[in-house]
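Take a look at this single chain, the form predicted alone, given in structure tokens.
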């Protein structure tokens, strides 16, 4: 039997960031990933590094994560192609704009100043190609995007360099708790540790149910598309208030279209099925928002596999039932930016039993409240 201070199931950006931070804290750790790091969600998403439009319960974690992203080269030895030209939420109607005003006022009242209201003229100065009908919006100027597969790999590589035992292509069996230790069988070996972190993405729901910690998780397949090249016309990442869209242009002129339209996911086969009608809706939305895109063509489309919780907020924190068991899952299509801070928080919880970051709104206990 191989003893460790902590075991991690799941090798996305959250699991790898946790492994990295546990090594910084001097803890021995083994991470199990049944495929390879970032295979299903962390490495195949839109790469958004955004504080913009976060639920209030996520904002403290998002702000801490942004501080890490802004020095990511020092953290993982790779700049992860991070490009921060801001993210803009576009209000297409008067009603959208009123919602934006209320949102910024709410955040300011809570002491958060990272979101700024934009008038129609101000948003067109930032997005000259946007449709003339747009009424304004919100900008988070420090936001941007990174290359998700590169970033996840960088966290995995750095954790390994610091001594984390990373087992890719090794599926972990269902964990069990015996005599004060969590036991996991994987690759024909048995591992044991007083601490176990479940960072298994869409598969975390099955593990939680097995351990008596059921969470309302649904496996989903967020879809994305890449277009043909068009002349450069946009720097920030764009999202919408009322319609589903995330939109950014790469230096080579291609554009990534995402935002949350869902295909179908199969956890048993690792397979996804695209919904072409929904992809068509995404393409139409882009062409309506940016007329310059009307002659572009779709080159490629794909979907990852992610775990979506019923309230669209992740679970980050200890099990309400079991000692030494921690969950870090259910990031509901917006967890990439949170990864660095979620890993730091999880390592603090494991090694110190507390964290200075307010994650009270992300507790699993919210599903057991009556």
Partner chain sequence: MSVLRSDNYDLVVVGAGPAGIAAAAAAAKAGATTLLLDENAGPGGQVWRGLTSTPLTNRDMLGKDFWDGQLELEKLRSSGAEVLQRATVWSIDPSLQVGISHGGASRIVQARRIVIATGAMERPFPIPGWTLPGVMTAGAAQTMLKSSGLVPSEPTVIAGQGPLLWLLAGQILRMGGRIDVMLDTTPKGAFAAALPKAFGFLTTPYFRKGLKMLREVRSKVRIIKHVTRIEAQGDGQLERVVWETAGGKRGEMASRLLLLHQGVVPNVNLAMSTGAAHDWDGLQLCWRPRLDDDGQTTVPGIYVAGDGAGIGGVGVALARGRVAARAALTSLGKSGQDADLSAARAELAKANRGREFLDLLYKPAEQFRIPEGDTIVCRCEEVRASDIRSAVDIGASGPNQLKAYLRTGMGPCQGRLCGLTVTELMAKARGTTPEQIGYYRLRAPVKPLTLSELADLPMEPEAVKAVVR
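Remember, predicted model here, so these are calculated numbers, not experimental data. Positions refer to the first chain, counted from 1.
Below: the form predicted together with the partner chain, not depicted.
A.B. asks: Taking 4.5 Å between heavy atoms as the contact cutoff, choose which of 325, 313, 27, 301 touches the partner chain in the model of the complex.
C.D. replies: In short, 301.
A.B. asks: Check each of 256, 192, 149, 170 and return the one that places a heavy atom within 4.5 angstroms of the partner chain in the model of the complex.
C.D. replies: Contact with the partner chain in the model of the complex is made by 149 alone.
A.B. asks: Pick from 288-296, 96-104, 240-248, 120-128: which stretch has non-hydrogen atoms within 4.5 Å of the partner chain in the model of the complex?
C.D. replies: Looking at the other structure, the answer is 288-296.
A.B. asks: Answer yes or no: in the model of the complex, does the partner chain come within 4.5 Å of a heavy atom in every one of 68, 158 and 207?
C.D. replies: Result no, not one residue of the spot touches the partner chain.
A.B. asks: With the partner left out here, check for me: in the model of the complex, does some heavy atom of residue 272 sit within 4.5 Å of the partner chain?
C.D. replies: Yes.
A.B. asks: Hey, in the model of the complex, does residue 267 get a heavy atom within 4.5 angstroms of the partner chain?
C.D. replies: No, no contact at 4.5 Å.
A.B. asks: Do residue 232 and the partner chain come within 4.5 Å of each other in the model of the complex, heavy atoms counted?
C.D. replies: Residue 232: no, not in contact with the partner chain in the model of the complex.
A.B. asks: Find out whether any non-hydrogen atom of residue 283 is located within 4.5 angstroms of the partner chain in the model of the complex, and reply yes or no.
C.D. replies: Looking in the model of the complex, residue contacts with the partner chain include residue 283, since a heavy atom lies within 4.5 Å.
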